[in-house]
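Just the one chain here, the form predicted on its own, laid out as structure tokens.
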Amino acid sequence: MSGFSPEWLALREPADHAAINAQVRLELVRVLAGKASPKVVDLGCGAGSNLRGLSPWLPAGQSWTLVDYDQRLLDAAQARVARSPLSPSPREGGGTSVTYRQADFSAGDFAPLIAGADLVTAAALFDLVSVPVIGKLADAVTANRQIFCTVLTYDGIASFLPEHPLDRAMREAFNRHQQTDKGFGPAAGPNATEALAQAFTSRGYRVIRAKSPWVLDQTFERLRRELDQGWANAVRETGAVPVREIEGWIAHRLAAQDAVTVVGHEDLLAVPV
């Protein structure tokens, strides 16, 4: 199973929070508005970014269970919560409680993890997951008529400024890399949001989806540079672009002081009808 470092997740967190689609988030807030003390399960929680980004918007008295395969990330999440208390909910009432659970759900055994939850959520996860595992997730969520919301699923769209003749080839090769096995079987990659939408719609849920792109300009320069380098590394693994051409592309990206990288994502909310 692919892993991510706490340092990388901390670096991307401000850009993640800036990108979240307001339409999807406000619809989730509306759906949960009458729910006292909601129980939330965050799948593939990483270092807890989704908790920090979403909890201030939800009703008071929340209880979160953060689930991840990587104990390092769970430890980082717990340390961050202990060091920086969560922002208060805009509604009066009790605070937010958090528990942590190490679990491997790569085979799609979601039911024990989400039992009792009002909301099942995730961030930047399902483009790494296979279509069959997405179907098993939808089965587990809809069996209990739970609410589901995921954000920042990569959609295969990316653009780069200043432009370079290799941009299209780099994007296409990266998208092929995204569909390799990340520990959950052949990944849905850029097709993940469509797979999620079809899975929940076919099971009788109402689905709302909208774009949430990263726009990595000088505000996020360090993240932009590390992302461009990571993009080049992924393309090298595919063998689809000659190494010398990749080196020319990344040199072009890193030399530009005013460069911008735009990476497309989608957010999705699925609600029982």
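Counting begins at 1, following the sequence as shown. The model shown is predicted, which means the values in this text are computed figures rather than measured ones.
The discussion below concerns the form predicted together with a small molecule, not included here.
Colleague: Check each of 124, 114, 138, 131 and return the one that places a heavy atom within 4.5 angstroms of the small molecule in the model of the complex.
Modeller: Of 124, 114, 138, 131, the residue with a heavy atom within 4.5 Å of the small molecule in the model of the complex is 124.
Colleague: So which of 161, 169, 79, 103 gets a non-hydrogen atom within 4.5 Å of the small molecule in the model of the complex?
Modeller: Contact residue from the list: 103.
Colleague: With the small molecule left out here, work out from 44-52, 235-243, 208-216, 30-38 which stretch has heavy atoms within 4.5 Å of it in the model of the complex.
Modeller: Going through the listed ranges, the match is 44-52.
Colleague: Please check if residue 263 has a heavy atom lying within 4.5 Å of any heavy atom of the small molecule in the model of the complex.
Modeller: No.
Colleague: Within a 4.5 Å heavy atom cut-off, is residue 149 in contact with the small molecule in the model of the complex?
Modeller: No, no contact at 4.5 Å.
Colleague: Check whether residue 9 has any heavy atom within 4.5 Å of a heavy atom of the small molecule in the model of the complex, and answer yes or no.
Modeller: Yes - in the model of the complex, heavy atoms of residue 9 and the small molecule come within 4.5 Å of each other.
Colleague: With a 4.5 Å heavy atom cut-off, would you call residue 73 a contact of the small molecule in the model of the complex?
Modeller: Yes, residue 73 sits close enough to the small molecule in the model of the complex that at least one of its heavy atoms falls within 4.5 Å.
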